[in-house]
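So this first bit is one chain, no partners, the form predicted alone, shown in structure tokens.
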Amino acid sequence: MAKAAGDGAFNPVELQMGSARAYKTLQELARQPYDLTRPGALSPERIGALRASACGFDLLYGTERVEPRTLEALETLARETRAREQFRMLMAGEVMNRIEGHESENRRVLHFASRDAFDDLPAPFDAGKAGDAALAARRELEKLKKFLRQLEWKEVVNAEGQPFTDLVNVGIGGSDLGPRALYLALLPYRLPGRRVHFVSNVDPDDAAQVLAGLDLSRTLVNVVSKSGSTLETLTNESLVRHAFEQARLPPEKHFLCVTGEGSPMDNPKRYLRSFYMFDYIGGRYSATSMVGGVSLGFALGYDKFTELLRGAREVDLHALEQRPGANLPLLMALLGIWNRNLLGLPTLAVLPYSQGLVRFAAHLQQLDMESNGKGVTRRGATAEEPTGPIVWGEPGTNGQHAFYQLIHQSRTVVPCEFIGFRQSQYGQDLDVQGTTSQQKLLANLLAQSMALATGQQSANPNRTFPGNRPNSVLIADRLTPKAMGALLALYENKVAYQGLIWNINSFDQEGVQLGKVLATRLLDHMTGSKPAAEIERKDPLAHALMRAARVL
């Protein structure tokens, strides 16, 4: 392990999890993990003791295969890898998005700044390197506030003087998944007469289906691309612009954009308003920036959007908590590392028992798998230990009738993270056969958690379930804008903590870039912009792929 030098300075890229003393201890403990199926294993005392709370959420992890010695070793691992100190460096604006000794993005990681907008919350650092990012975020929030007020006061209307009722968000990846998941989660809080729609897939049917049901004269379009050159987004923007032109509606009176300042899209002649995103905010971490702010602000109003930001900010500040066992995102990260690395379980099912979170697992797929699906350390060496899990999931109780059979009985053990709320969002419920629907929902959540942990023995082998399926339950009172912001930040910070402990760069996406390069080569072939003989000579892979495509 790297030693601290002088006043405590250290080189984060030298902190290798596999060489930590605590990791060796964990390997020993993993040979005989806690048995959740033995009589009395899930005692009320254990359930009460293995609980952590913060920012309105309770984490119940008595159904994980851990015991006091395991938790002590995991907390020691966090200290030996200087996880909290590294996380503090992220928030303070140190350049952490880089691979040492190799060409890389070499950037700060400051999505935290997009929700640093509250003077009544403590400031953990002097302005320093993160101060400019916080000021830039506040400037964009003020621009958004002014625009939303203009919509509200009918100072910005269509050519007939009518207010805008719909907004189409055109983006892909982080410019779609996060904002879409949050919008669907907060539908009960929409302003009257406001709807948001999302176009992401370059498949033209996606745009066609969305546009088919809209009154374009009362529709705004928000195009989101940091570089202003994302192929899928620009293609979809062209399709949508064509639809407006066909309807004899001037796009520049209907189109907004969220892009990097000075990008090709930063053009007031083409857009009614431009909002800025910054290179130190990765796409999958950008939902609380203007990437999500424009669409969510339109749907919810400025005040509800800032409630979401407050929930996220409170979790960011909590994530600096020194005690690993009381630091909710760090604790979630350590439990995930125990399951992934020590118990050798490669997947993670996120199972929200809330219809509002219908697309949250899809967002987490990108957040986690694009961030931590890395095979190279921050030193540029091959990672010695497995990193990010395969993340998937669907809301309960629907998922129970789809794939729970496998997670209960298959030899493939799938760790699960259940998410639930004590109260429904709409409050429209009935007592049916002695219990409400919300009570039934929560009973199913808790029953599945316990059943996965304890299993069942039966003389009928078809009804035998081995148990020892590790899982946890994350629960809050109600899915509000503030709770949604907190939940989002819990997972963002969990993923960041895991990447820091694994010593990988969670903030680039080179695998995505590779596919983009190959797609561009194939498009050159399709359009005939280069002679086939030249492509075959200079780019045999693209030529072979095109030949295969013709056969298909």
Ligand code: G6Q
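The first residue of the sequence shown is number 1, and the count goes up from there. Every value quoted in this text rests on a predicted model; they were computed, and no experiment measured them.
The form predicted together with glucose-6-phosphate (G6Q) exists for this protein as well; it is not shown, and the discussion that follows is about that form.
Asks: Among 179-187, 363-371, 317-325, 247-255, which stretch has residues whose heavy atoms lie within 4.5 Å of glucose-6-phosphate (G6Q) in the predicted complex?
Replies: Of the options given, it is 363-371.
Asks: Considering non-hydrogen atoms and a 4.5 Å limit, which listed residue (387, 222, 289, 230) is close to glucose-6-phosphate (G6Q) in the predicted complex?
Replies: Only one listed residue qualifies here, and that residue is 230.
Asks: Quick one: from 352, 283, 329, 336, grab the residue that has a heavy atom within 4.5 Å of glucose-6-phosphate (G6Q) in the predicted complex.
Replies: Partner contact (heavy atom, 4.5 Å) among the options: 283.
Asks: Does any heavy atom of residue 509 come within 4.5 Å of a heavy atom of glucose-6-phosphate (G6Q) in the predicted complex?
Replies: Yes.
Asks: Would you please decide whether residue 395 lies within 4.5 angstroms of glucose-6-phosphate (G6Q) in the predicted complex, comparing each non-hydrogen atom pair?
Replies: Residue 395 lies outside the contact set for glucose-6-phosphate (G6Q).
Asks: Should residue 172 be counted as a contact of glucose-6-phosphate (G6Q) in the predicted complex, where contact means heavy atoms within 4.5 Å?
Replies: Close contact exists here: in the predicted complex, residue 172 approaches glucose-6-phosphate (G6Q) to within 4.5 Å, heavy atoms only.
Asks: If you check in the predicted complex, is residue 226 within 4.5 Å of glucose-6-phosphate (G6Q), heavy atoms only?
Replies: Yes, contact at 4.5 Å.
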